[in-house]
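Structure 1 and structure 2 below are the same protein chain in two forms, each given by itself as structure tokens.
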Structure 1
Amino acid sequence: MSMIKIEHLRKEYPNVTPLKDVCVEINKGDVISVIGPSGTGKSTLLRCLNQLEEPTSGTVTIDGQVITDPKCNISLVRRKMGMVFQSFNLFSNLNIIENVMSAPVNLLKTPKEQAYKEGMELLKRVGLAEKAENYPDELSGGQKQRVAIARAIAMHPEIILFDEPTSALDPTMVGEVLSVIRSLAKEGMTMMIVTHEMKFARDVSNRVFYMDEGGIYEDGTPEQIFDNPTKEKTRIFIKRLKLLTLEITSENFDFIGSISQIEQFGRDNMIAPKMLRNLELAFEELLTQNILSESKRSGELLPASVTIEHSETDDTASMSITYGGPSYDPFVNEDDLSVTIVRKLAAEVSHSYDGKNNVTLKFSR
């Protein structure tokens, strides 16, 4: 059952357009983690959903009601939709239980006695009942965020939006907040969570949105997004890949300059010395002693493109070499010294041909 429907949502600012054309449906009970590089519109998307930001164009429908219609009573819609901000936004002049009670009493007209009872239950739920009489300034960042979550739940929302709920926290406090969000997810609450916590996003979500290029660049299950992303930008982000590309247009290319670039790439990305040395040796043996030698003989393999990738997540590296001409597999001749050396340096080697030759070497520590 569709809870939220977004159609051609666009948000423009004077100097930037973070959302260009967002179209997606969110079902009741979905727990969606929204990930992606900074500046790709993740927080803007959430703020457009509850009209804290007015979209430039497009429509947002919440539970059958078009909230982008000027005639919509957005205050009523917001009662269905809680939001937890990265900066907590607690009232410093109210104690903790008063913070939790405030919206139910003032907006829902809940009797104070009932609001107090429900508020205390919520504080127990987030492990902070003993802090009910304290003020926000007396709490840690993690405790403040748990109060903010209790305050959002106090309105009995159908949807909760979390805008980077752990980004302002000390690393030691992140776990306590994520634990509360996990418990909400298990109860079937519909949630959208902008987060940089990739392990959490994988564990808690049934869907993941990777945002880039002004929209939802890739949408899939955690397994699809984290293990088998179909789009290149998603793969680079998930694997936290650093890339170096070298273009080889002549057999007499600047070998020393290329090796210097590889060394600098390794230093910049803290690649282990042994792995970096293996990359340099494989580059020399496979490209200069094998592929370029064959190119000199046949005159058909250049230009070539060499891409080196290093993954921060698992500390692995790969080297891909793409070149033209007819199919030429440098690994066919097992007696070739360069092939023997490269096979010892790399954990895996492969060649494929799809109109161009594609050689891939994989390295591990």
Structure 2
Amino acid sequence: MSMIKIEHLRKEYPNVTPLKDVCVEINKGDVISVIGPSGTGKSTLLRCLNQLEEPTSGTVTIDGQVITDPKCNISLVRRKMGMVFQSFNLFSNLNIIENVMSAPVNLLKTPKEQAYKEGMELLKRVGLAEKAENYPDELSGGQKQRVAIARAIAMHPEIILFDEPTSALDPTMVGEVLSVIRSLAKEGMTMMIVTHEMKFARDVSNRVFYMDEGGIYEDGTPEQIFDNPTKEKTRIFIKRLKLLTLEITSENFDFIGSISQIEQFGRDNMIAPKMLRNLELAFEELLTQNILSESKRSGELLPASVTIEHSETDDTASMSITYGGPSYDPFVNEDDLSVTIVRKLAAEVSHSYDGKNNVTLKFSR
């Protein structure tokens, strides 16, 4: 059963609307990694969930209770949703155990003795029992973040929201914080984690939200999002794709200019010389030697659009060419020298027709 239901959530700021219409359900035990480019509303989503920000419209329901309803008791909501920030936000005038105890004692009215006992248990769980009497300033960043996590758990929340919990940490301290989050995931804690740690996101979560274009642009398992993202922007983000598009509107297009754009693209993205040469050859052989001469011979195939993609993560490249006219498979004449060159150099070639011709070539090292 879904524990949190987000319906038509919208957040407008004067100059920007980071969340346009977010609809999603979160189940008990879900560990959700939230990824996406900067400024796509990841923090805004978390802040709207726990009501640090008031959504412009839409509803958030948790355990059947509509927390976006103005009549809803806000401190009750905060109890259900723990939050861990990038910047720890510990009380610097309280020592560590007091930091962990303060909310249970003040908000839940837990007896001090019990809160202390539970607090020490939690500090043990995050490996910081011996720092109980220290003050936040005496702790490293990684230790402070582990205290912040213990403090969030102390409220027995339904879900913990993490906003880039390791971004402010020295790289040597990232591991200790991630391992605490990992163990919470094993214990079945429901969590939503905004993170740039892709390997961690893949390992720890059962769902990944890729945010873009004003909402959750793609929602899937880590395998779906990291290995087989289906939507364009997700692919560009995950595979760190760089794109070059060339529009060919006439048979007398600027060939030299196009080649120099491809070469510039190769230099900008440090594409290996041989792969770049293959891309140039594919462009020349398929476009000028094949598709354009067919266009001259048997009627309009133009305009054509050529998109070259290079993936920095797996060092592969692809070229896709779309053009109009009737179905024309440029690979049909197998004896043709141009076709031979392209077929031999590309790892994969394909042609399909859906009212437009689509040719795709893949290159690997």
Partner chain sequence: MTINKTLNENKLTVGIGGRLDTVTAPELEKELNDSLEGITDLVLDISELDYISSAGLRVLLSAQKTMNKQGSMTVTGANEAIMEIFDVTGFVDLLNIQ
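Every value quoted in this text rests on a predicted model; they were computed, and no experiment measured them. Throughout, rigid core stands for the largest set of C-alpha atoms superposing within 1.5 Å between the two forms. Numbers given to residues start at 1 and step along the sequence of structure 1.
Where the criterion is the form predicted alone, structure 1 meets it and its counterpart does not. In the core-superposed comparison between structures 1 and 2, the C-alpha atom of Asn106 has shifted by less than 2 angstroms. Fitting the two forms on the rigid core leaves the C-alpha of Ser167 displaced by under 2 angstroms between structures 1 and 2. Superposing C-alpha atoms between structures 1 and 2 reveals a rigid-body rotation of the smaller part against the larger of 11 degrees. Here the two forms are laid over each other by their core, and the C-alpha of Pro273 is off by 6.1 Å between structures 1 and 2.
The shift recorded for the CA atom of Leu244 between structures 1 and 2 is 3.3 Å, with superposition on the rigid core.
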